[in-house]
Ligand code: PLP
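Below you'll find only one chain, the form predicted on its own, shown as structure tokens.
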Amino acid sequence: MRLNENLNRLSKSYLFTEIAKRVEEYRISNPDSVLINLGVGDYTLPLCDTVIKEMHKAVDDQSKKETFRGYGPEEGYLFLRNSVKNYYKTKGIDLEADEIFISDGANSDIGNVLELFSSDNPVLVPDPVYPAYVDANIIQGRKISYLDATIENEFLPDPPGEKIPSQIIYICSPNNPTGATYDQKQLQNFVDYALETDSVIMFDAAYEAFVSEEYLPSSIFQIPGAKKCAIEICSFSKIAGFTGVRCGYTVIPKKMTYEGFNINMLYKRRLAARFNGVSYISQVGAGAVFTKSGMTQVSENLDYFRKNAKVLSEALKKKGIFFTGAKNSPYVWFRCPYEMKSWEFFDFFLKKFGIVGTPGVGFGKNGENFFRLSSFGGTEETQLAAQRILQL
């Protein structure tokens, strides 16, 4: 029996596993310490009332024969796909319900959608980058190239000068980990490049709800031509705290065709073969997010985290430390003081100030000497962290 040898090419330790290991070692050695965890980008506020009420109703539906739901449509219930379609309408984007595929989260679809394309297609990802992009393509055996995201380009690299055909190009905006956000012109450059090179853009819009500046796009489909070359992956985790509930969606426009095949239809066929759909209860809860009361309540939660990001960024400003993010993102990405390496600063920050963050080098070589803090913590924790940052 031969195994998939590509699995041996993965990093031996996942970034957040290593963080958890070091934090646990510190807890054992310092049992009385109070840690402030601003590392993992996980929600800390409960689901909003509107979502909870609708999910309770969905549970009740499952207790009655006349409303019980078994297997649902693999592409998602129409009520939720229509809700997503109407949400895009508020951004000035016209979609059809059958261009929307409901998933159990963006992380799953980052790998699932790749099955549409040959492993011979090269991949282009920014560095630093969310590790899942790289891992998903390593597992499938693709050749990966990197776009350098650095201080010089404000962590927003342009398309490469060399026009390489048939690439899978990853864009995350607002970006994880840097928080940097592309503008209309910058994204248009990528769409034009993809159309010229017969490439596909994988646009990760997980943090679209945090875009607060109106001139910045929150969807690739706000860019002319994108429906011919782009797939957008999104999630209810960051807009509504569904990290424990699991629900997301992927948009594949019907205008996308390669080698004479319609990509939308291919993915629908792939789902029929590999997926039994997201739970009815999760989808009912997700649908409630886009109601009037749901949007009001999730907006209040988003503002809570935006205020946390501002508190952290203001502390860094006072110390004269370079940073990106915070304004349109829940992340603050800053240069490590004292010219420290990322993991060196992680240990120093943990042991000296009791703050857990994420070493930038865990996102790629260009992340070395940088550090990421999340605004998903509590207000008191974040304010205390800011006070400790001022002691640097």
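Each residue number is its position in the shown sequence, starting from 1. Please read all numbers here as calculations on a predicted model, not as lab measurements.
The same protein also has a form predicted in complex with pyridoxal-5'-phosphate, omitted here; what follows describes it.
Scanning Tyr267, Tyr133, Tyr182, Tyr280 against pyridoxal-5'-phosphate in the model of the complex with a 4.5 Å heavy atom cut-off leaves one residue, Tyr133. Contact annotation: of the candidates Phe305, Tyr207, Tyr170, Phe190, the single residue with a non-hydrogen atom within 4.5 angstroms of pyridoxal-5'-phosphate in the model of the complex is Tyr207. Within this chain, Arg246 lines the site of pyridoxal-5'-phosphate in the model of the complex, having a heavy atom no more than 4.5 Å away. Although the partner is absent here, Ile110 lies within 4.5 Å of pyridoxal-5'-phosphate in the model of the complex, judged by heavy atoms. Among heavy atoms of Gly105, some come within 4.5 Å of pyridoxal-5'-phosphate in the model of the complex. The shortest heavy atom separation between Asn301 and pyridoxal-5'-phosphate in the model of the complex exceeds 4.5 Å. Note on the interface: of 144-152, 268-276, 190-198, 230-238, the segment with non-hydrogen atoms within 4.5 angstroms of pyridoxal-5'-phosphate in the model of the complex is 230-238.
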